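Only one chain comes next, encoded as structure tokens, the form predicted on its own.
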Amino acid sequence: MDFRPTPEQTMLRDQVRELLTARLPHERLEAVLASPAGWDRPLWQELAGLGLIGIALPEAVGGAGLGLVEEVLVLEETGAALLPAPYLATALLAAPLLAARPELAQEAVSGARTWTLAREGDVTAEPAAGDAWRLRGTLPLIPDLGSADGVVVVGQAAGGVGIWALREGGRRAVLDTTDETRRLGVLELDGEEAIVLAAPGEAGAALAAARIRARVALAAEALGITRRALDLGVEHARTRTQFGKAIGVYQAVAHPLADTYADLELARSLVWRAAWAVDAGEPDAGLDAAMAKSFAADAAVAACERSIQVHASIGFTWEHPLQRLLKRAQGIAVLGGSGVALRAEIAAAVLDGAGTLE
């Protein structure tokens, strides 16, 4: 099994890296986050123009028909750049579910409408006129709610759990969270009309697949954060001198960076394996996703903490990107299941001999 990127995949990765490096230096990122919108819609349109939002969607709905492996390449770069736009929320969480309605998926792929997914909460759905449904309830901790035009909602109806697309409306409150690059929000619904994506009682397989993809996607973003934190730490260790020597010659500096490098390569193997397993339809894809998310997220937090120590006091300041990287890593660590919760799932699967997680 050869996990090296193909020339086409390498070209995709390099294209995204060059774009985000040029468009999102640290000063530009800070300006975007301080703006009234809080995110970069012009950059979003550039990503859409390059076909990056629909990489893994079928060509029939405007996508590129590729796979999660290619998505992972993009997500590593968006994680490293701390992209202030709902790429993960739209392309990875919502768009695969929107594919049930090609017209909605095409809106997402074109960049005309951003989306996010709300699956935690207490929402009920009732049929309305025509094929519309009315949703009521509260959905907490929705990623990128402030930059999402529409919300894919998971709720309960008479026939069981279903999935609906809410194109607009609802009372929204964006929370004052630590990670300003991915703000969480709360959505309250009081009879707003929505379009059914998966009928009540028929959403189980789609939601299980969405959870697995979300964990791999978050792990891929964590991979990008780990790589950038390591790059920043290595650069500082090479250029910062003390007693006439670069501080990288001292074991107290070099060894933590070596630990981060080892974590980075192991995380990369786990993330690529999980993405391949999803694309190949492997029965253990859920287990692979849980392992990748558990390790990569914790590794990203540790990588940022080590690099902050290497930088000493400057690493804690608002002017340095490491403080933003650490906050995004901490956010990733709790989304989609904490490392402790995921390892408990993995242990249960191993001890039960089932080997498959949904």
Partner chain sequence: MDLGDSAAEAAFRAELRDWIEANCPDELRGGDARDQHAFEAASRRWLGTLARAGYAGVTWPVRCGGQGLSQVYGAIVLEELARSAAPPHIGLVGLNMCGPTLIAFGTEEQQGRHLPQLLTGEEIWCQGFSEPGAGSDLAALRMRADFRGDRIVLNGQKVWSSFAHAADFCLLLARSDPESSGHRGLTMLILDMHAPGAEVRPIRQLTGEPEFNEIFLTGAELPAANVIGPVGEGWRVAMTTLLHERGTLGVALTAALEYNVARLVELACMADDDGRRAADDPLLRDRIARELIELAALRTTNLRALSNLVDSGVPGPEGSVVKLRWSEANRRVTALGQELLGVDGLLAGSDAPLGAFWQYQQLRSLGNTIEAGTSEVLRGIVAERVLGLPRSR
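Residue numbers count along the first chain shown, from 1. Please read all numbers here as calculations on a predicted model, not as lab measurements.
One more form of this protein, predicted together with the partner chain, exists but is not displayed; see below.
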In the predicted bound form, do 29, 98 and 323 all put a heavy atom within 4.5 Å of the partner chain?
no
Of 248, 200, 137, 169, which one comes within 4.5 Å of the partner chain in the predicted bound form, counting heavy atoms only?
248
Which residue, 268, 119, 213, 113, is the contact with the partner chain in the predicted bound form, using a 4.5 Å heavy atom cutoff?
268
Just to confirm, residue 254 within 4.5 Å of the partner chain in the predicted bound form by heavy atoms?
yes
Answer with yes or no whether residue 23 is in contact with the partner chain in the predicted bound form, where contact means some heavy atom within 4.5 Å.
no
I'd like to check something about residue 17: if you look in the predicted bound form, is any of its heavy atoms closer than or equal to 4.5 Å to a heavy atom of the partner chain?
no
Partner proximity in the predicted bound form: residue 234 to the partner chain, non-hydrogen atom cutoff 4.5 Å:
yes
Would you mind picking out the stretch of 123-131, 161-169, 255-263, 146-154 that comes within 4.5 angstroms of the partner chain in the predicted bound form, counting non-hydrogen atoms?
255-263
Residues within stretch 88-114 having a non-hydrogen atom within 4.5 Å of the partner chain in the predicted bound form
none
